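Form predicted alone, single chain, as structure tokens, below.
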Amino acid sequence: MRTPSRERTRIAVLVGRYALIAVWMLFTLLPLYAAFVASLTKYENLGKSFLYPTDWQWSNYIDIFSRVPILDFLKATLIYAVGASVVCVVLAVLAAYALSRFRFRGKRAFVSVVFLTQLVPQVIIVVPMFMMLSDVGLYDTYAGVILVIAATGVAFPILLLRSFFDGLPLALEEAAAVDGASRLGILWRIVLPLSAPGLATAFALSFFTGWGQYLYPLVLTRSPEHTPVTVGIGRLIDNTTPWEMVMTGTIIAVIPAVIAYMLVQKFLTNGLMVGAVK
């Protein structure tokens, strides 16, 4: 039986928890709401109200398609996000399976290098990346940007999938090997189907990483057809920035990522929880 003091403590903890969640949600969602308000405001009325749109200028969402090649920007963003996700997952599956199932010299050093790659700021390596892509003829190409995003973002999928593979029973693979299955056959027919939540999680996280890229495409692309939406919107900013168009483009750029997250939310949550437990 709970005593009154314990009940008061429980209620206080519960209230504090929800208050913290509310503050955090306000902190993260307020900039997005401000962008939404600005996207529905005429240029001359920007800044007059932050609580609600004064003009409800829904035509901004139509005008932006004639003033900015937003569809080309979204197409390039989608290509980068999906392309980098596919490359990341394929490389991560092979690397994670090797780390989980094989003993080889340099294994610990390889894992350390994988961790260290996440500590290097993008701004430090973007110039060497630019020089390398220019030398091999991949500057201002989809392939060049995809390779750079995948190379710098493959570490987390490797570690995530390794935790999944470590949790799979070896008996299944040993039984398949007795039946004559090759190592690649075991990986394809047994390991990958059992790791579907982990694969979905790795793909989703890589997709969101690719969707939000800014610095790499900014430096490694030049032509409008290879420009993602983040860079395209950023290039609107100058001395006479059409802020209502910038905010409209920002909201449009967020919508596909939000829809993708809502579609995979269940798999993403379960995948992260299972990966953490394993």
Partner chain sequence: MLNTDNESATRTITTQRTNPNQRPLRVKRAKSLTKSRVEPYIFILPTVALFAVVLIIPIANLTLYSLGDSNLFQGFTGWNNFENFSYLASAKFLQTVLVTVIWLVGGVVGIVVCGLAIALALNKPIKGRTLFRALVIIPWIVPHAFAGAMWSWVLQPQFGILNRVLVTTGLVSEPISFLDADSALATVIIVRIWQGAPFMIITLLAGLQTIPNEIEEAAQIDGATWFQRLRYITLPHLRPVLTVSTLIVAAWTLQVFDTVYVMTNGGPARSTQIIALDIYSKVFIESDLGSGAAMALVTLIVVSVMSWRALRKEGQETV
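Residue numbers count along the first chain shown, from 1. These numbers come from a predicted model, not from an experiment.
From this point on, the text means the form predicted together with its partner chain, which you will not see here.
Against its partner chain in the predicted bound form, the set S66, K75 and A196 makes no contact: no member has a heavy atom within 4.5 Å. Using a 4.5 angstroms threshold between heavy atoms, V82 stays clear of its partner chain in the predicted bound form. Within 4.5 Å of some heavy atom of its partner chain in the predicted bound form lies at least one heavy atom of Y261. Remark: R8 does not count among the residues lining its partner chain in the predicted bound form, judged by a heavy atom distance of 4.5 Å or less. In the predicted bound form, its partner chain sits within 4.5 Å of a heavy atom belonging to S100. Residues of 90-111 lying near its partner chain in the predicted bound form, listed in sequence order, are L91, L94, A95, Y97, A98, L99, S100, R101, F102, R103, F104, R105, K107, R108, F110, V111, the criterion being any heavy atom within 4.5 Å.
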